[in-house]
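Just one chain follows, in the form predicted on its own, and it is written as structure tokens.
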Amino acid sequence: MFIVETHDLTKRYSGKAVVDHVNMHIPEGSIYGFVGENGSGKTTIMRLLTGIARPSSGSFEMFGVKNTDPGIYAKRKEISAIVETVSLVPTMTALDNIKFQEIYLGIKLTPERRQELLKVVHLDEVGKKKVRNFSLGMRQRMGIALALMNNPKFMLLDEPMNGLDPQGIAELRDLLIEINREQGITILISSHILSELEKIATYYGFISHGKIIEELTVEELQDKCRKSTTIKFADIEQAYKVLKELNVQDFKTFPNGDVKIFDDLDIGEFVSKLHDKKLKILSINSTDESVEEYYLNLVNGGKKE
């Protein structure tokens, strides 16, 4: 089941499609890693889903309810979001920020529930400390506490790791895994820190220039980011022909002369065969492709055979 499913979702500003016929699927219970360059449309999609912006065309369903259905307003009460910035009052304490948010949401929490929220985000010892004295990591976790006030089933987080130091990133990462697993909250998270995103995401959506390029599970991504051997050749066209002659099945060629081979090779024997074919090798190395490399290859990548 999908928490969110979009159908040719499009948003134009001044005639330009910032989100361009997007078909997106966010599985229930997943941590959906949303990957894309600045200006790719990630934040705009979050604004569309939360109702901050309206689609120019296309549609989406949330919890099975279409965005044009009046029932979508009730369903949006089951989501929370931190889009672009965390809204905190720096001159107030952590507890007072929760009370202030209660007024905004029109709800009333018990003192026990307020303390529970701070405990979930590991800020229960600093509830009476003013937010202006919080580190950036603590502020981000405080933002998560506010986002949990309405007991959401779906949470949208736009670049929550931006600017955090390694400790802050680790704390936020562990917190998101915890609330996903223990509270069953589906999370849509965008981040430029892909090395961290690949530690928590269970599903991925890659977007570029307003278009979804690919969606896949973490297992599918791990299979694609498998070990490879990269060889730089002096003559890429000759290399292409020789690789075909040697029955290499799975490889990509790149304009700079690199060839990334995914077949399981006996490197010594293979290089000997290349020398026999009079191919000049400039360099050779074995690597495991990261999520970042995979995304860059999707956007700018070579020719896959």
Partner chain sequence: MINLFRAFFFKLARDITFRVTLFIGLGMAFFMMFLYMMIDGIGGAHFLCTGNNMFVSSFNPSQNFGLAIPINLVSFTVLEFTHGIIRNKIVAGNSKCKIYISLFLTGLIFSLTLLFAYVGLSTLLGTIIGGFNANGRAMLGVIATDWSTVMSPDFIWRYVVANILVYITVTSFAIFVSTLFRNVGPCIPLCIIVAMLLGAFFPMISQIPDVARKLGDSVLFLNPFQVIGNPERIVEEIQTPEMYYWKSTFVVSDYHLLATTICNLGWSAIFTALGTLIFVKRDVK
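Keep in mind the model is a prediction, meaning the values are calculated, not measured. Under this definition, the rigid core comprises the largest set of C-alpha atoms superposing within 1.5 Å between the forms. Positions refer to the first chain, counted from 1.
There is another form of this protein, the form predicted together with its partner chain, and it is not shown here; the text below is about that form.
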Legend entry - is_contact(residue 260, its partner chain) in the model of the complex, heavy atom dist at most 4.5 Å: no
Inset, instruction - Indicate whether residue 50 is a 4.5 Å heavy atom neighbour of its partner chain in the model of the complex. - result: yes
Inset, instruction - Give a yes or no for residue 110: in the model of the complex, does one of its heavy atoms lie within 4.5 Å of a heavy atom belonging to its partner chain? - result: no
Inset, instruction - Tell me, yes or no, whether residue 136 is in contact with its partner chain in the model of the complex, where a contact means a heavy atom of each within 4.5 Å. - result: no
Legend entry - Segment that reaches its partner chain in the model of the complex - one of 211-219, 85-93, 191-199, 170-178, heavy atoms within 4.5 Å: 85-93
Legend entry - Candidate from 129, 99, 119, 226 lying within 4.5 Å of its partner chain in the model of the complex - any heavy atom: 99
Inset, instruction - Just give me the residues of 97-124, first to last, that have a heavy atom within 4.5 Å of its partner chain in the model of the complex. - result: 99, 100, 101, 103, 104, 105, 106
Legend entry - Post core alignment: residue 202 C-alpha displaced by 2 Å or more between the shown form and the other one: no
Legend entry - Residue shift check between the shown form and the other one, rigid core fit, residue 139 Cα at least 2 Å: yes
Inset, instruction - Align both forms on the core first, then report whether residue 222 has a C-alpha shift of 2 Å or more between the shown form and the other one. - result: no
Inset, instruction - Say whether the C-alpha atoms of residue 132 and residue 174 sit closer together or farther apart in the model of the complex than in the form shown here, given that their separation changes by 3 Å or more. - result: farther
Legend entry - Distance trend in the model of the complex - C-alpha atoms of residue 90 and residue 53, change of 3 Å or more: closer
